[in-house]
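The chain that follows stands alone, in the form predicted alone, written as structure tokens.
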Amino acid sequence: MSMESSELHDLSDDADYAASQQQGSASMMRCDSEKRSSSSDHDGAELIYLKDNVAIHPTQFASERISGRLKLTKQDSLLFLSWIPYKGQTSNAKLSEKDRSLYTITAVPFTEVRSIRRHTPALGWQYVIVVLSSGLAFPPLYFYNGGVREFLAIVKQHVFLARSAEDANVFIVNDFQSPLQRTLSSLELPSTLPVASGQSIYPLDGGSSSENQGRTSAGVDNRVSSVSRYGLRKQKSHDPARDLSIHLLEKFSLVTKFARETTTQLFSENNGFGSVDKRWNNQPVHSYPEKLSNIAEEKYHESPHSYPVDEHDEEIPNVVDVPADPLEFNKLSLVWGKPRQPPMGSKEFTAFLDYEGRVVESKALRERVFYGGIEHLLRKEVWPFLLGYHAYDSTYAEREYLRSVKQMEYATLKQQWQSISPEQAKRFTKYRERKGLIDKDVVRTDRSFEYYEGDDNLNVNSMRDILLTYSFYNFDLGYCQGMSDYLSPILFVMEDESEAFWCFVALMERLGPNFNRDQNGMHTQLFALSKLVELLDSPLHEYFKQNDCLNYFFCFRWILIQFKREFEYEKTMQLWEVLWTQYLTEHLHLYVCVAILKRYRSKIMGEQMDFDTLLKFINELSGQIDLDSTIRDAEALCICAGENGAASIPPGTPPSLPLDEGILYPQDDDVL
């Protein structure tokens, strides 16, 4: 949801609410007779509203819903929200009391509520999603007997409630102060936050456009090691506001702490993933680590290489006993494949080509890049292959012809927005919003890097033009904060606006779903990550489950911008080209997440980190992660997981290409 202080409309302009006022008054009368005798969630509270048969869906199946009672209570002028599940009346006998208590909402004050989103489809059940000031949200509350309008009408009578101009279905609660002040006070953040990959010059901006509803922002800034002729520059002054904006936007990206499966249709039987999930859940989890340990032990005896112990892996004094890692056997580190190699140079790359320029063995080339990377000056030639812009079987002549054709096509696309007159722009809200957001972001992206530093930098202008052109090329997706972070290294490598644009287009074909408004792409990846951790480290997964961390949202930033904030600029490019090879799997980034979590599992479990502590700890890992050892760990885990690992990842999970030719970037208002 946008944090911008935008024009807000009172609910009285909504015909639905006007029609519900009489219903609301009637409800008040009904409740008045009950509130004197009803027991409240806390002492001295006055019952204002009560609604039965309000349900939460732990899964997408209606038969597995948990029904309960929704209450609004008031005490000392504060309004509280509660939802209590019925005891022993759930429609799913498999759900325990512990499961039901997990979803219980107990006396949440509306001072901690940021907004309420309503969903009143013509067909299906009405429901609301309550979003807290922290960015977390409760699971959707389904009104099986209707009554969403009545509920909101009652709320309006006790707190200030206004409709957002950006989305008619979103109602802002207690919007008296600036969004930044309210957010900072609610999160109780420190005045500064650590930045891993260098000092930042990204000032905090109080707003974003409607393009960012339900999306996330992750503009990042990295220190740069020596790359080509652009070396490490003097560090910029530390800007805590930039760090706060990153941290806040990460928090706001957490759509819900509980309802991963509810807010996104990850398990529909139509895509075959539901059957995969059932198959896994029907088998005892403990059997998989045992099997994987056997595989790992076989790999150890087969491999001549041993994985060196990381210098940073020190003995951590644990507050509690930490369960053993199921993949640690005989106290030996995991042993995996080949060690990292020197980057591939131009002469070696030429050996992969025939006399007309075709890549003879694409798999061998991808393997070479996977294990060693690419020398910087060669990236301009190899990256288009890895990204899918150039076909491996294309010739020199065909690639040169494609460049000329695409250059003209890019110029045509660019002309679409360049030809918009000021008078047209006044009547083109979407264009103004996107241009404004892009203009703000490009002057903040990687400006400590020499290629983009300084006033009137032509490369910054090229980045702006590419992103604005892309918003016209892919109008459904448009522009989202975080895209500039993907484009920055591509433009730096390609050094050509048109070529950089088409490489960026190819990358967004894979990663565009990361920025979907419904966040389905991100949720699918987080779900797959949870299954991989369950497979590869069941004690760690169980720990997350017991500490309300099972949504894995603490890994959100890693996945959203593919670890760009975790490593310096050159290391980020090395990691990306490894991921782009899709040599072992197209989802290696998920195994990278598992590898990092396993590296720090003793500290996480030993110190009994809860969600907020874990999120802070993960953020502070920036700049402390060794890339080469992490890639080797990820390779090891991928090999160990094998087919079981592949089966844990839903078909179509980014960066997989879409499964069908339907709408690639859904913008459904009914999804938060």
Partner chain sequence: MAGYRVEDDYDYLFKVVLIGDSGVGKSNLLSRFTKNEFNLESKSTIGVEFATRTLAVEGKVIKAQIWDTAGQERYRAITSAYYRGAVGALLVYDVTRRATFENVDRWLKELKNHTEPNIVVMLVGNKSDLRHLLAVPTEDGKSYAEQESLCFMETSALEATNVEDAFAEVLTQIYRITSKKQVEAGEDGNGSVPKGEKIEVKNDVSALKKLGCCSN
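Positions refer to the first chain, counted from 1. Given the structure is predicted, the values throughout are model-derived calculations rather than measurements.
Another form exists, predicted together with its partner chain; not displayed. Remarks below refer to it.
Proximity of L50 to its partner chain in the model of the complex falls outside the 4.5 Å heavy atom cutoff.
Contact between H376 and its partner chain in the model of the complex is not found at the 4.5 Å heavy atom cutoff. At a distance threshold of 4.5 angstroms between non-hydrogen atoms, I625 is out of contact with its partner chain in the model of the complex. Although the partner is absent from this view, T613 contacts its partner chain in the model of the complex, with a non-hydrogen atom inside 4.5 angstroms. With the partner omitted here, the residue from W580, F501, Y479, F171 that has a non-hydrogen atom within 4.5 angstroms of its partner chain in the model of the complex is Y479. This chain appears without its partner; in the model of the complex, the one residue of R510, K571, H589, H523 with a heavy atom within 4.5 Å of its partner chain is H523. Partner contacts here mean any heavy atom within 4.5 Å of its partner chain in the model of the complex, and among 489 to 497, 402 to 410, 502 to 510, 437 to 445 they occur only in 437 to 445.
Taking its partner chain as it sits in the model of the complex, the stretch 560 to 599 comes within 4.5 angstroms of it through a non-hydrogen atom at L560, I561, R565.
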